[in-house]
Ligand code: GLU
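Before any questions on how it binds or moves, here is one chain, the form predicted alone, in structure tokens.
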Amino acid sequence: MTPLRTDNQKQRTASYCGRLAPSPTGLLHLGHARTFWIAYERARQNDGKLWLRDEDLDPLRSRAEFAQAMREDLYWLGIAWDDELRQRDRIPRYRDAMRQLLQAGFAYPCSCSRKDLQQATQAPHEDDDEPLYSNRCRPGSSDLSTLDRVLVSNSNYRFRIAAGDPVAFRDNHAGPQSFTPGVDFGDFLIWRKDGLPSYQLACVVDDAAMGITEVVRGRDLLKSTARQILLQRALSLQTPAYFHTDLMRDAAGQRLAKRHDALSLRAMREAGLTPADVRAKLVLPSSGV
């Protein structure tokens, strides 16, 4: 069964458009469920459209069985959506955006940090955010005019920030936010030499293509929003609204992750819990959404 919404919202051209963006690298847990339920409710209460985006760019960890499980578990929980896309099908779109950044002088090749490059296709979190870059490969101002603007297939690339110019936005849940490039984050990875975009670039390109008006995701991605706003400006794309949810934590206070198998939706289903039982554990915001 395809878990798409079947009410007449599918035929509407709604002003509100949201998205679910799971990655098929493990089983969904309670923290995912909470964020996705809030996204679903915000789309429903705004009479809007909801996408499912399969963020399957990680070539080492993405697996077909996890992709199937996340769809089944979301639908079991009571979440339905209007349309879908898979990021692996959109590599040419990301490559076009990367070329645009190169031509405009926002990107440069980098040969640093294998660990950073391995993390670049994944959404960063509070405990594994991309470290402040040392600028070892960053070209000087005098070198920009001679920088090769052709995308080279076997090179990694970083986005060139303007240090010291704060990126401010108002989050619909977390309130006013401000991050300073060069202090809170440095030149960040946007392209890998294996021909894949970073999470930051793919997210920006897809949100724009899907017409997303509000991004609902975890509070650990607030700093990523500042990076993505810089990419949106560089690519002349609209910036959506943002709603960063509070994180769910285990008994030790650690952020829930896919290593918490006992708190996965699949494990709770197999233990006999109902969708209502699981929804009761989500501790939604007091305002509902």
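Counting begins at 1, following the sequence as shown. In this text the structure is predicted, and so the values were computed from the model without any measurement.
What comes next is about the form predicted together with ligand GLU, which does not appear here.
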Q: With ligand GLU left out here, work out from 173-181, 196-204, 151-159, 88-96 which stretch has heavy atoms within 4.5 Å of it in the predicted bound form.
A: 196-204
**Q.** Answer option from Leu50, Leu221, Ile38, Leu230, heavy atom within 4.5 Å of ligand GLU in the predicted bound form
**A.** Leu221
Q) Is there any non-hydrogen atom of Cys17 lying within 4.5 Å of ligand GLU in the predicted bound form? A) no
Q) So in the predicted bound form, does any heavy atom of Arg217 sit within 4.5 Å of ligand GLU? A) yes
Q. Can you check whether Ala21 is within 4.5 Å of ligand GLU in the predicted bound form, heavy atom basis?
A. yes
Q: Give a yes or no for Ala123: in the predicted bound form, does one of its heavy atoms lie within 4.5 Å of a heavy atom belonging to ligand GLU?
A: yes
